[in-house]
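Form predicted on its own, single chain, as structure tokens, below.
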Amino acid sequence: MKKKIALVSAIIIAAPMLYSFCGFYVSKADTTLKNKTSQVILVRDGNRNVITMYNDFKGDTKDFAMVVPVPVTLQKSDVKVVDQGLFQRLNDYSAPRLVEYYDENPCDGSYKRKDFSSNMAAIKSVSLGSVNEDKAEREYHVKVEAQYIVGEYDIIILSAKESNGLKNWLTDNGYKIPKGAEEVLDPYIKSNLKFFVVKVNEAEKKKLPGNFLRPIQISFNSPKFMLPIRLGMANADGDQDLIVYAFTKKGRIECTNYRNVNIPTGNKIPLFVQKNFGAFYDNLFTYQWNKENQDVSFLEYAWDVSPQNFMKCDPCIATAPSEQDVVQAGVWWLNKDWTDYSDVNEQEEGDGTSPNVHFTRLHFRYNRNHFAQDLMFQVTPNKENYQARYVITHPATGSFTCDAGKKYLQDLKKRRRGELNELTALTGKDIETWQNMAEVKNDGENVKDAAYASLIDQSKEERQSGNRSIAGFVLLGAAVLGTGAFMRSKGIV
């Protein structure tokens, strides 16, 4: 059965960071375009792939183009534009979350509890006319495999025999190539990959409401399940972040050429983190990334989001992806019919064999030193649910004059010292780093003796004492081993 994908026009708030997909971006001006943070949707089953690239760059759209290596020549029917808000919904739903609970006052039995979530800010956005095909092949050894318009984009599929010829073709057509591009282009050319070159069609763009570009979605068959990040590093300085939203029939995806690590989850942290959860998670991620030697794939979310599964998170911090969202993301096997935009009129065949949809969110931070290879993936049978969640707990309110109340206050102090220690362990930041935040009074709190600021010194002493104990055990173990070796050498044992 044929199906159409509904595309809902939406404008989202522009992010301060420039988004890029795993290609590189060339400009006609002298502007230097840097890549920092990316989002991409991957859909995979069998050898079929659907990749959606998020577009939200800032600047004059006339000046930029995008180059992405692809394994096959894409036809017009393989390329679509989709609703820009899809990425915002997927990010809001799957982002690391802060969960809020309330203690019960043991003296009066009063109890209140509510769920609260503070999800990470969304991560961020991007950007050829008629080409003389004979001249391209004759002078540059570059072949124009296909050329068409989809939505607000002019698209050319190129193949090349050498990286220098492709670089010269782009340069001579008015595009400034980033330094070092030939070096990263060459392996893709030797692997016989094509190049998906995209430029904004200004006439078509003017027909759209709002000053934004919609994400591009491409579909193709290939036994390789990968993302070409090396090309994206050609014009990047420093580290880049990549969020991958993946949908499969069978279970989680994982990286096959870099280690897979679950980001810490379920940790109880101080209440004051609520006021700046974004800074906390950024510190946590950076510390864990450095601890893992900067060459890992971090899992932040995994869940069965099939239409028949009503429990898609615990707790949910945003509305779960709707069936329409999932289909728009490229999940063709749900076999649903939706109304389409007039400029995205291609339809997909659904096999109707499985309603299962498993959603994985992976977070990469990569650079040239630690990610020398493109990202390779595989679909696994692992269906275990996972989400990065951190717990804050409000203290009880009221009087604590009863015996149970007095014990509660003692337990609260102990718990809060543990929360401070956990904060240090997760972020690698000394407890003094959080002093100013700890001194800010939390709304409605009346447990002065258990205030975080008053517990910092005790928490620090506990950590130092714990470190001394560990060091003592290490020294004791070394001494025991040394004594044993000495006794064996003397024939005593």
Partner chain sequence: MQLKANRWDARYFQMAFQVTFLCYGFIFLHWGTEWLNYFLFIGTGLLFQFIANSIDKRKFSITSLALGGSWKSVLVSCLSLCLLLKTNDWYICIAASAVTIFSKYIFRYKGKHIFNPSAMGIAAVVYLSGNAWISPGQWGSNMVLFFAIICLGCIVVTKVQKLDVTIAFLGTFAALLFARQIVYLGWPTDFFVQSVTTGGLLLFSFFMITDPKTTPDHPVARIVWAITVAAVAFYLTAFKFINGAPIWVLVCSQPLVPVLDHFFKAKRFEWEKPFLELRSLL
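Positions refer to the first chain, counted from 1. Since the structure is predicted, the reported quantities are computational estimates derived from the model, not experimental observations.
In what follows, reference is made to the form predicted together with the partner chain, a form of this protein that is not presented.
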Sole residue of 255, 244, 305, 95 within 4.5 Å of the partner chain in the predicted bound form, by heavy atom: 255
Listed residue that, although the partner chain is not shown, lies within 4.5 Å of it in the predicted bound form (heavy atoms), from 187, 85, 355, 418: 187
I'd like to check something about residue 230: if you look in the predicted bound form, is any of its heavy atoms closer than or equal to 4.5 Å to a heavy atom of the partner chain? yes
Is residue 381 a contact residue for the partner chain in the predicted bound form, using a 4.5 Å heavy atom cut-off? yes
Whether residue 261 contacts the partner chain in the predicted bound form should be assessed with a 4.5 Å heavy atom distance threshold; does it? yes
Flag residue 279 as yes or no: does it have a non-hydrogen atom within 4.5 angstroms of any non-hydrogen atom of the partner chain in the predicted bound form? no
Only one of 395-403, 408-416, 371-379, 87-95 has heavy atoms within 4.5 Å of the partner chain in the predicted bound form; I'd like to know which. 371-379
Residues within 4.5 Å of the partner chain in the predicted bound form, restricted to 203-231 and counted by heavy atom: 223, 224, 230
